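Starting off, we have a lone chain in the form predicted on its own, written out as structure tokens.
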Amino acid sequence: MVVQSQSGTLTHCSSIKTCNKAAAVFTSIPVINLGDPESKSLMVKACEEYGLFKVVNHRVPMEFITRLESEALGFFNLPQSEKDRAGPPDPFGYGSKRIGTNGDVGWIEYLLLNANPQVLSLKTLTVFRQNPEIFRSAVNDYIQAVKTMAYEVLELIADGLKIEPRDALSKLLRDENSDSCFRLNHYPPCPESEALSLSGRNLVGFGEHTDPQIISVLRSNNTSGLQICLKDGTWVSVPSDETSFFINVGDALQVMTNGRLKSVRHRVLANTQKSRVSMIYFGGPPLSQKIVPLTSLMGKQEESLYNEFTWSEYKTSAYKSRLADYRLGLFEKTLSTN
């Protein structure tokens, strides 16, 4: 989701909405080695069960990861007045606290960038002027490496589902008009949240939601905070791993697989002592792309669970909603029981 700016520094916790007691650590997140011959079937199983898995042996150079994290922290450590020059987002640029236009807030500041290096907004250029060419180079190197991994992951998922052609999903991200974006999130430490946790409450960094796009590729530093919701409604904490990536199924992929793969509901809780930095590539199709179940996945008698829509229509609808809303509900069909 796009986070929209609110002026002012991240100095007070009291007005931020809280949620119930922290969830237990979940140690059963599927771990997929991209070099494993069975990775395609393991990915599909993980996407069906959890909507998320961890990728190792991903071949994204650690140099790219550490360099970008360093540059991002350099930006977030600037005086607030300098960061504000790169905002409010249009939708790209710097923002803090407010998440969307419908009242959601979080203990967060962020940079939202277009994932196409040829497309730069004025706010993006402001970011790069403040942290010159090395920041821009770090962003571009990282995005290109993560895109390559995302294409491979989607083609392996297509193989596992026997989708033909195998680039039916990845070509939507490769398209020069792909509506993909990249976000750098910073969740500053908040000592006051320790008092909240003692009372069974936790400070929300980013509220519960699903990602609208096809897939999301997440990497964070070694600070906990990410939680996912299991099928039974239980919230569990995902152990941090700064050397690996987490792949999330998005709403668009759920529709394109006619509900077989499920978009994962997730949230981030603030940390009392350490800052959390996350980097997320959101792989989206072109705005004009029709989002419908893939023909090669549909059985002869199988009906689509969703009404046809374009990515532009879904994106517009999603960004008018609250974070926790079930956005796909507006596009689900009422199927005949006869």
Ligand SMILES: C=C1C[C@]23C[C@@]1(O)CC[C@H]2[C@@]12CC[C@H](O)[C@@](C)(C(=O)O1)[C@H]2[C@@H]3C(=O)O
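These numbers come from a predicted model, not from an experiment. Note that residue numbering begins at 1 and tracks the sequence as displayed.
Below: the form predicted together with this ligand, not depicted.
Residue contact with this ligand in the predicted complex: R183 places a heavy atom within 4.5 Å of it. Contact check for I214: every heavy atom lies farther than 4.5 Å from this ligand in the predicted complex.
Heavy atoms of G100 reach within 4.5 Å of this ligand in the predicted complex, making it an interface residue. When this ligand is considered in the predicted complex, L328 lies well away from it, no heavy atom lying within 4.5 Å. Proximity to this ligand in the predicted complex, taken as a non-hydrogen atom within 4.5 angstroms, holds for one residue of F206, Y142, F245, Y94, which is F206. Relative to this ligand in the predicted complex, residues L112, F282 and Y319 are all within 4.5 Å by at least one heavy atom.
Of the stretches 152-160, 100-108, 237-245, 69-77, only 100-108 has residues with a heavy atom within 4.5 Å of this ligand in the predicted complex. Applying a 4.5 Å heavy atom cutoff to this ligand in the predicted complex picks out no residue from 249-269.
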